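The chain below stands alone, shown as structure tokens; this is the form predicted on its own.
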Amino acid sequence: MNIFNHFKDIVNVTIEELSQAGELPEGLDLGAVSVEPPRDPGHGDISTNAAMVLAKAAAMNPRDIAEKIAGALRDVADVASVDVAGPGFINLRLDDSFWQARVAEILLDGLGYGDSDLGGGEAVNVEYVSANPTGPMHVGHVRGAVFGDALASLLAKAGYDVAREYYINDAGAQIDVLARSVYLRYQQALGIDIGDIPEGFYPGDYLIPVGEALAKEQGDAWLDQPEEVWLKPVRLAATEAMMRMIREDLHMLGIDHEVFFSESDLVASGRIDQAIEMLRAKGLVYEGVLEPPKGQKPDDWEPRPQTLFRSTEFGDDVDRPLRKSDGSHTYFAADIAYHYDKAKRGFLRQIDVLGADHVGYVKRLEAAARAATDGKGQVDVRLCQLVRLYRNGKPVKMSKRAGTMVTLKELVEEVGKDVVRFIMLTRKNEAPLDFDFTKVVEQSRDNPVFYVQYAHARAHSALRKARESFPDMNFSSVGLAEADMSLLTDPAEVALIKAMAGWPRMVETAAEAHEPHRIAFYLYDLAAEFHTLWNKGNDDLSLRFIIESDAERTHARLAMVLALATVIRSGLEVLGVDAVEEMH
């Protein structure tokens, strides 16, 4: 249960009843009424702005409205006290019994606790990673990969029908460069001295086995042949080899896309021209001449007629070209066709996860989505900033194997999938992130992934010990849910339960904001509440989870402990991080 949605319904019903009783005007619009946690926890458990947002329409002083609503809410079950603060905020404090009941709710819901129908089954396409298939995944791709995957999981938990998609950029000039680079390795595999890799080619050693495979398959059939003979088949073989490598790299990170969409198929099928003609029929494509960039005239600039999309009608800065000077399509034309194709597949809601270097693409992609769907579709472009790698505070050197930088595989092999995924979500996607190989494996409170996993492992450690002391106790979720939760009265116990009860709201707010990093922050704070309670038990024996002379209190506390482990595991599943039961 999202307790804030629950009490919002109660507040709305209270206002309607006051209107029916003549205490408030009838027909008030309750759309702006919100129920949220107060900014200062000392003010209570729940706060509503109802009085202030209704004051103008009701033609009443907000304090007067607040007093009327507060008076009615004091009679509501589970409400311990109601206060009016400031210009008209209404703050509620709930009975401990309300919070205690949440423990059994969590246990009976299990990992489904926090599941929401917010999305109502709406189809959402999350396209992420989409790295050029020219080499192994490297650290520059990792953040967007983790962010996109966690966002997809978060939206699924919030009730959306999510598709995870990878766009294969296999139609551009970079694939020709890849094919020529592989052809060099093919020659090398046949004993030819290729010398230094030419400037502009891909130099990484990862292409050596690709060339060797071609040599084994083709023998010397392509040696001394003109490029037009081997370029196309080598392009295909090289792209397939790179995509196998990319899939394997992503799988190491726990990422498996459901859809791989090929740009070359988009081009070959004629769907780009179809999309352009669709926009032309709407009057959104014309032949014109653009002004020089930023009002200046570069030396190589010359006015020439171009096929342009009226993206300025949808909030873009300038209209965008759809064809290059040689008559081929621009990348943006392919982007339009791709997003139009997604819309035709039923995805009017689309999310693109891109690198920070794509900041100039945001407005044009948003414009394309709206134009192609008559305003029904939308694309939310999420940009992921750079990750800076350090070791003991010093920048990490490049990888020889990749020829560019540290690979995803090297990253995961050194610190593990869980560390990589969690740390990548400890900052908002638009903020730069520092990743220190030394710090991320420290076993300390300063290392968030350890701190959260340790809380889960500690919970299971307590449950294992309890089984030894109470062999006849039912430790299943159902069995523990039958405990007398009224025995959970210590302020630290109640604080922990309140933190756990905030999980359903966190799922919904993070999903609405498209910000999975909020889950990582929430889990860290939840773990802190648990560790605090654990440490209090070390200082005060009466607060320990296991008291051999008091089976009933132990029963209740173990119920709380299992509920804590359940919420942490649920959150870690969203992040794609394992909930370990023992730390090594």
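Please read all numbers here as calculations on a predicted model, not as lab measurements. Sequential numbering from 1, following the sequence displayed.
Same protein, other form: the form predicted in complex with the RNA, not shown, and the subject of what follows.
Trainee: Among 190-198, 481-489, 501-509, 413-421, mark the stretch whose residues have heavy atoms within 4.5 Å of the RNA in the predicted complex.
Mentor: So the stretch in question is 501-509.
Trainee: Can residue 89 be called a contact residue for the RNA in the predicted complex at 4.5 Å between heavy atoms?
Mentor: Yes, residue 89 lies within 4.5 Å of the RNA in the predicted complex.
Trainee: Spell out, yes or no, whether the shortest heavy atom distance between residue 121 and the RNA in the predicted complex is within 4.5 Å.
Mentor: So residue 121 does not count as contacting the RNA.
Trainee: Although the partner isn't part of this model, could you tell me whether residue 169 comes within 4.5 Å of the RNA in the predicted complex, counting any heavy atom of the residue?
Mentor: Contact with the RNA, yes.
Trainee: I'd like to know whether residue 495 contacts the RNA in the predicted complex, with contact meaning heavy atoms within 4.5 angstroms.
Mentor: So residue 495 does not count as contacting the RNA.
Trainee: Thinking of 13, 138 and 212 as the candidate spot, does the RNA come within 4.5 Å of a heavy atom on all of them in the predicted complex?
Mentor: No: none of 13, 138 and 212 comes within 4.5 Å of the RNA in the predicted complex.
Trainee: Though the RNA is not shown, can you say which of 312, 132, 97, 269 has a heavy atom within 4.5 Å of it in the predicted complex?
Mentor: If I apply the 4.5 Å criterion carefully, the residue I get is 132.
Trainee: Consider the chain as shown here, without its partner, and state which of 117, 446, 374, 472 has a heavy atom within 4.5 Å of the RNA in the predicted complex.
Mentor: Going through each option in turn, the one that passes is 446.
Trainee: For the stretch 512-540, I need every residue with any heavy atom inside 4.5 Å of the RNA in the predicted complex, listed N to C.
Mentor: Residues within 4.5 Å: 512, 513, 515, 517, 518, 521, 524, 531, 532, 534, 535, 538, 539.
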